[in-house]
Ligand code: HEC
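Before any questions on how it binds or moves, here is one chain, the form predicted on its own, in structure tokens.
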């Protein structure tokens, strides 16, 4: 084989292997995804948890369980003691609550499966958004209607940038401050 054809064949092989790896590594139960774009991702949790029941029917504020969302870049997965604040008395005989109580009594954390994941090269600060009045549903969708939590929005860069542009054009009524939502790359990629 002449050298230019050998070089071309080598690159075609590298490309084919790379695309195959992306296809295999980028698939989940919702189908093909690009890493970081997991719209529709709904992992199985260790016990069923209904946001519809808690945030919808019982009207528990998102910030009660995800208390880090106001002070921290991460909203956080609630620790088991937050669950037990209510479930020491509410449904203590449920087999699912018994699993939570076992973790609580032994001081272990409960291993929920994270639903919303961003690539490592993206910086997102929940507190900056929550403290400026951005509703949880803006990114997470109608959580109060979800029996099973799933990633509602794509969370792709263009989706975020478009939201920032729209926010700057039409700031929500009652905005605490008039800070512009940045569209500078460094705001999220540093």
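Note that the structure is predicted; figures quoted are calculated from it, not measured. Numbering follows the first chain given and starts at 1.
Below: the form predicted together with the named molecule, not depicted.
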(message) Within 4.5 Å, heavy atoms only: does residue 101 come near the named molecule in the predicted bound form?
(response) no
(request) Mark residue 69 yes when one of its heavy atoms lies within 4.5 Å of a heavy atom of the named molecule in the predicted bound form, and no otherwise. (result) yes
(request) Please run the contact check for residue 170 against the named molecule in the predicted bound form: heavy atoms, 4.5 angstroms, yes or no? (result) no
(request) Using a 4.5 Å heavy atom cut-off, state whether residue 137 contacts the named molecule in the predicted bound form. (result) yes
(message) With the partner left out here, which residues of 106-128 have a non-hydrogen atom within 4.5 Å of the named molecule in the predicted bound form?
(response) 112, 113, 114, 115, 116, 117, 118, 119, 121, 122, 123, 124, 126, 128
